[in-house]
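In structure tokens, one chain follows: the form predicted on its own.
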Amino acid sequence: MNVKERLAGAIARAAAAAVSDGALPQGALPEVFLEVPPEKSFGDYATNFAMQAARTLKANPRKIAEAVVGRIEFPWLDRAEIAGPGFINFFLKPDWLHELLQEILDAGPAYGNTQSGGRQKVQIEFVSANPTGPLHVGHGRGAAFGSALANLMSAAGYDIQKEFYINDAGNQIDNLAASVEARYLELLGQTVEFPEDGYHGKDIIDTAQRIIDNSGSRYLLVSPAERREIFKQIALEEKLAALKEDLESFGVTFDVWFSERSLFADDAVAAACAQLREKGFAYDKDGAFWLRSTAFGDDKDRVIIRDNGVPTYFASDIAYHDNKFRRGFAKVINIWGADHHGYIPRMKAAMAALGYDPERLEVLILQMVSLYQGGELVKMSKRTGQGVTLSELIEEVGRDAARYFFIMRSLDSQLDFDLDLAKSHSNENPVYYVQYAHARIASIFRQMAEAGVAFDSSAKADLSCLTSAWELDLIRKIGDYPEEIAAAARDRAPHRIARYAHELAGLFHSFYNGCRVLGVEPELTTARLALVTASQRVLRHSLGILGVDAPEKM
């Protein structure tokens, strides 16, 4: 429990005691919220709790504030002052940060992890790109965000499962097979009409060439239907393997790869449709099978099975999400592209029709990424003349910069990705700035070893030596980390961890420039090495959540 949570608990107990002993009237007490005042002269923390409680207790807020201040018990509290109509400003003892730092050091490398998630079982499904070609930069943003969110929520005490939904059924896979077949025939000298909805990437030609390299022209001897079925399987396996390789090189792995085909093999789609009919939320009309989604707030009813008997994508998605909830997840989080925004109401309607609480389905919308270089918008790859792929971006700027840049902005904001900035070795590059702080710490420990200075991070140092503003501000920031983890996980906001890491790096750089660690009194050296150790652990932990390396040298 961090300092803010402890102080909030002390305020709540003081208010409850005042009600219990009759100093305040009976009534429901609101939750205590604390904020850091804009000026240090107003204290370390402040709350408007008394004004909030005045509404339910029907009492004067200053009277409530006085009752709280007179009864609060908090070991690190120096004094509390009432301001204005009932604000309470809390001033902590000068040595509270030293005690806090010792607690942080005692917690070890796991410091920052919380149990705020209560081991709630949550599935996060992300990327789920059609396995019909290479991943592009938009997929990269979803991959970086999804994996960072999973890391973040795990650190906050949630039980997380990461899942990729393989769209290996339907028209896009048929078009993939037809595209490979057309290129295969072309490479063998035949004149063919390329499919209208075919895939034109160079990777399709490469797949067709590999089939020829391995099997020659033997597939000219089989029927077109059989040939396309064979090519479908070959292409699907190859594209999926390439997709997995790209993701792994980006530091992204999944616990489950779920095949859409399995839904049909297990009759899950038919079973979901039968459930909807049985519950009275599906009907037949014009030869098609419809979901009565308007009963749950959608703007119109939706077709599940077309009049030709072919299921829509929606049918597969209904069965898939039914399967998710049957696996016992308390919450299912989907990360979708901006073009899927209108799909959310019908998906929630389908879950409600099946009897699930639609609030258990949470959809996060991923906004677009624009690449810039030299101030100009980059639309096409110089190598292929087509859209820039994720692998090309990693090759251009490196995995760490790509991940950090994708994560550092809120998911619901458009991201302008500056390729020149991502490659620069300067303080203006945020990932370089954060990693350089960690590398500086590593250099301190190398210098320490070279100078023969002994330091045991588990030993108790005299932390009261740390009195400068640089040192105290750094401790205070490190102390905020568990709360930042819990809040960022609750808000599904890994960009907050990127911002926190950047702010922490800035405070460390200021400390580094203002405070010598080696070559000062031994007690001060030991205390500062303890602070450096805590800084290193939190920088490494936060970079780990982002999936970014913490380098020893730069």
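Note that the rigid core is defined as the largest set of C-alphas that superpose within 1.5 Å between two forms. All residue numbers refer to positions in the sequence shown, first residue = 1. Quick caveat, the model's predicted, so the values are computed rather than measured.
Separately, the form predicted in complex with the RNA exists; it is not shown, and the next lines address it.
Contact annotation: R516 falls within 4.5 Å of the RNA in the predicted bound form, judged by heavy atom distances. In the predicted bound form, at least one heavy atom of S510 sits within 4.5 Å of a heavy atom of the RNA. Contact annotation for Y432: at least one heavy atom lies within 4.5 Å of the RNA in the predicted bound form. The RNA in the predicted bound form is not approached by T526, whose heavy atoms all lie more than 4.5 angstroms from it. Contact annotation: of the candidates V192, A242, L77, I444, the single residue with a non-hydrogen atom within 4.5 angstroms of the RNA in the predicted bound form is I444. Only one of D473, D416, E362, E99 lies close to the RNA in the predicted bound form, with a heavy atom inside 4.5 Å, and it is D416. Considering the RNA in the predicted bound form, the lone stretch of 151-159, 307-315, 219-227, 246-254 in range is 307-315 [heavy atom distance within 4.5 Å]. Residues A18, S20 and S468 are none of them found to lie within 4.5 Å of the RNA in the predicted bound form, as judged by heavy atom distances. Contacts between stretch 83-100 and the RNA, counted in the predicted bound form as any heavy atom lying within 4.5 Å, involve A83, P85, F87, N89, listed in sequence order. Taking 2 Å as the criterion, G189 does not count as shifted between this form and the one not shown: its C-alpha moves by less than this amount when the rigid core is aligned. With the core held fixed, the Cα of S215 is displaced between this form and the one not shown by less than 2 Å. After superposing the rigid core, the C-alpha of A295 moves by less than 2 Å between this form and the one not shown.
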